[in-house]
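The chain below stands alone and is given as structure tokens, in the form predicted on its own.
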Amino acid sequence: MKRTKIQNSDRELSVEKKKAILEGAMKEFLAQGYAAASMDRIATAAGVSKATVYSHFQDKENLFSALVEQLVQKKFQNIFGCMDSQAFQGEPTIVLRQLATNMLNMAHCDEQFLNFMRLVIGESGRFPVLAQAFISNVEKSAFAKLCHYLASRHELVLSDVEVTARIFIGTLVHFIIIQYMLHGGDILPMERDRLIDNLIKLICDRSKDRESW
């Protein structure tokens, strides 16, 4: 029993250290960029030794990938998590509207997430593997789940579920980049509800047209 308690305590301590390291890494990457980020400064910010950082993540690339995975899972949990399995049985117009609203709310209210996306895009030329880590985690969370939902809604009569999912997510990501990340709201103004309304209409009404052929 005593040994089990010690093992549980060590495991909890390891989890806390990992959390502290990821928080320190987020601050360091956003402040310095990927190339200039220092594992020494990350360790200092986390309140752990440099050896502890390496024991958890091996190198800076693995640390960045772990940060991407955690961030994407957390943010897309905010998008999908508030919708239970029963909600995903709802009408496409309702479900897609909720997903779009959740996604844009998340981006608009979280400056850290926007800054991290800027970092990923900015570093993608020199370090493509970083951008690939981001895309891989997005595919696992948002894209796969949306494809599964669209495929289950036979009334949509979609010729290509994956393309439809990309159109849906891509339109929202474009809006986030232009309106929020690049501060283009005054140059290319677009009301959020107008975008969501017409995106849903494009998917759902087009399906009705195909069904009548």
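Start at 1 with the first residue shown and count on from there. Think of the rigid core as the biggest set of C-alphas that the two forms share within 1.5 Å after superposition. If you're wondering where the values come from, they're calculated on a predicted model, not measured in any experiment.
Same protein, other form: the form predicted in complex with the DNA, not shown, and the subject of what follows.
Would you classify Ala51 as touching the DNA in the model of the complex, given a 4.5 Å non-hydrogen atom cut-off?
Output for Ala51 is yes: heavy atoms within 4.5 Å of the DNA.
Look up in the model of the complex whether Gly185 has a non-hydrogen atom within 4.5 angstroms of the DNA, and give yes or no.
No.
Would you please decide whether Gly47 lies within 4.5 angstroms of the DNA in the model of the complex, comparing each non-hydrogen atom pair?
Contact with the DNA, yes.
So, in the model of the complex, is Ser55 in contact with the DNA at a 4.5 angstroms heavy atom limit?
Contact with the DNA, yes.
Given that the DNA is left out here, which of Ile176, Leu158, Met39, Ile169 has a heavy atom within 4.5 Å of it in the model of the complex?
Flagged contact: Met39.
Between the options Lys60, Lys27, Lys145, Arg153, which residue brings a heavy atom to within 4.5 Å of the DNA in the model of the complex?
The option sitting close enough to the partner is Lys60.
Any idea which of 145-153, 176-184, 31-39, 158-166 reaches within 4.5 Å of the DNA in the model of the complex, heavy atoms considered?
Careful reading of the contacts points to 31-39.
Quick check on Lys19: with the core superposed, does its CA move 2 angstroms or more between this form and the one not shown?
Lys19 C-alpha, core-superposed: shift of 2 Å or more.
Indicate whether Gly33 shows a C-alpha shift of 2 Å or more between this form and the one not shown, with the rigid core used for the fit.
After core superposition, the C-alpha of Gly33 moves 2 Å or more between this form and the one not shown.
Given a superposition on the rigid core, I'd like a yes or no on whether Gly47 shifts its C-alpha by 2 Å or more between this form and the one not shown.
After core superposition, the C-alpha of Gly47 moves 2 Å or more between this form and the one not shown.
Given that the shift is 3 Å or more, do the Cα atoms of Ser55 and Phe134 end up closer or farther apart in the model of the complex than in this form?
More distant in the model of the complex, by 3 Å or more.
Answer with closer or farther for the CA-CA spacing of Phe64 and Leu99 in the model of the complex compared to the shown form; it moves by 3 Å or more.
Farther apart, by at least 3 Å.
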